[in-house]
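Okay, so here's just one chain, in structure tokens, the form predicted alone.
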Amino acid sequence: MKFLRLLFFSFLMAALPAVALAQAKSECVTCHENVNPGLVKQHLAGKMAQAGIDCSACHGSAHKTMDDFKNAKMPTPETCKGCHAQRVEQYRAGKHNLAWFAMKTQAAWHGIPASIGKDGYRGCSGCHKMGEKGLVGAAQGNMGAITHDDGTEAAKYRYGNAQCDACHTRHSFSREEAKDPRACSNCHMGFDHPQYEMYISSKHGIIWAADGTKSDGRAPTCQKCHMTNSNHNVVTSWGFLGLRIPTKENVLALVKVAPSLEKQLKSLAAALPSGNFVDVDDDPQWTFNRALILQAAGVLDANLQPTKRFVEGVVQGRIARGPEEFNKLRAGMKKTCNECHSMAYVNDFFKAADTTIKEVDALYAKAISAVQGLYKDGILKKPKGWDYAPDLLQYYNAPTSIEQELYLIMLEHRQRTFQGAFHVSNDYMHWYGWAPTNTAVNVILEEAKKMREEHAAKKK
């Protein structure tokens, strides 16, 4: 008798999910099982369906027939916020929310066909759609804090406004999936930011894979380091480009080195924050090298003064950190590393990676200075419609081969040097970063010399 009761109980437990599923089926599910059954299957297998959340909770109930499908609402973070308020607020305070805005600050983007750069979601926009559309910055005349257009731009796009689904993909919206490093690999790979390739070939990635890809295994995942305690802010101290906002003290120290620029430097210093960067307070040469990089990016003008791009990119788009934010973020990352490594080792590791950036900046500054000299001496002419020259943000639209090399150093070689150093990817740092940076700089210096010789010969 006991055996029969156990058998009946086991049968009942096995049947319960099917019974619950049948009860949970709504009119939406019944119809969409015929239209796109894969999506329905994913939804019903996910935790939201198991909690009794129906399609209408996210898509509304105005869509009733096959002909009025456009009445179905497309979710946005506001939709998710109803249940996940804390995560949405964290996300909006971070860099991912600025992805669309950051894309639009790039000069080259404005010349890309719409199918690649905008609504086609085939190129830049395929990843950058993770960011919120409609943020209003300096390009629209807003020189203050970033504002919002109240949905005007987003209304032009039926799809691509969900944002959260970049990591928690439709329609299961799995937390476990989003905690997997492979969830990041769709965007953080390739030419200018191969972080996934760096991670997966590092000891951290190898251990993670060997352990059976467990998010709570021996090795840290992307999320462990960049989303500690599931914080959706996802901001790092060095940022995407490995740059910092110079401090007032950094710039004033340059006056002793370059007294002829005293007026410009004091004017620049007045617009900058005070403070010290942990571990990386600059010697004057590094400050000057970074200033050249910011000039070539159009962030500082020829007189070392902040431009509209400074406001749009640095202040509003947050491509660089000031000392207060940098130090806070670095302390948090070190704390995470300290869970497995001694603090002495962590400090040494960070300082070594910082020095790698310093060394590659010194190399890059030589190349920038050489191309700037060609423009200054009239050997290169500023292209029509350009505000700055050379202009790193024009990317592959640069008209000369020497400037093409300059952009490749910025987006490919220098990126891999500094990112490889921090991601413990030695081969990427050296052979994909440091080595080709040296090669490209030598090519630029040699080409600049030839161009000067040819220009001098023509004048004779």
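Small disclaimer: the values here were computed from a predicted structure and weren't measured. Note that residue numbering follows the sequence shown and begins at 1.
Although not depicted, the form predicted in complex with a small molecule is the subject of the following passage.
- Contact with the small molecule in the predicted complex holds for none of 142, 406 and 430, as no heavy atom of theirs lies within 4.5 Å.
- Site annotation in the predicted complex: the residue of 370, 278, 136, 124 reaching within 4.5 Å of the small molecule with a heavy atom is 124.
- Residue-level contacts in the predicted complex: of 341, 376, 256, 366, one residue has a heavy atom within 4.5 Å of the small molecule, and it is 341.
- Looking at residue 322, you'd find every heavy atom of it more than 4.5 angstroms from the small molecule in the predicted complex.
- With a 4.5 Å cutoff on heavy atoms, residue 286 does not count as touching the small molecule in the predicted complex; it lies far away.
- Under a 4.5 angstroms non-hydrogen atom cutoff, the small molecule in the predicted complex has residue 423 among its neighbouring residues.
- The small molecule is not drawn, but in the predicted complex it has no heavy atom within 4.5 Å of residue 358.
- Only one segment in the set 180-188, 260-268, 291-299, 376-384 has any non-hydrogen atom within 4.5 angstroms of the small molecule in the predicted complex, and it is 180-188.
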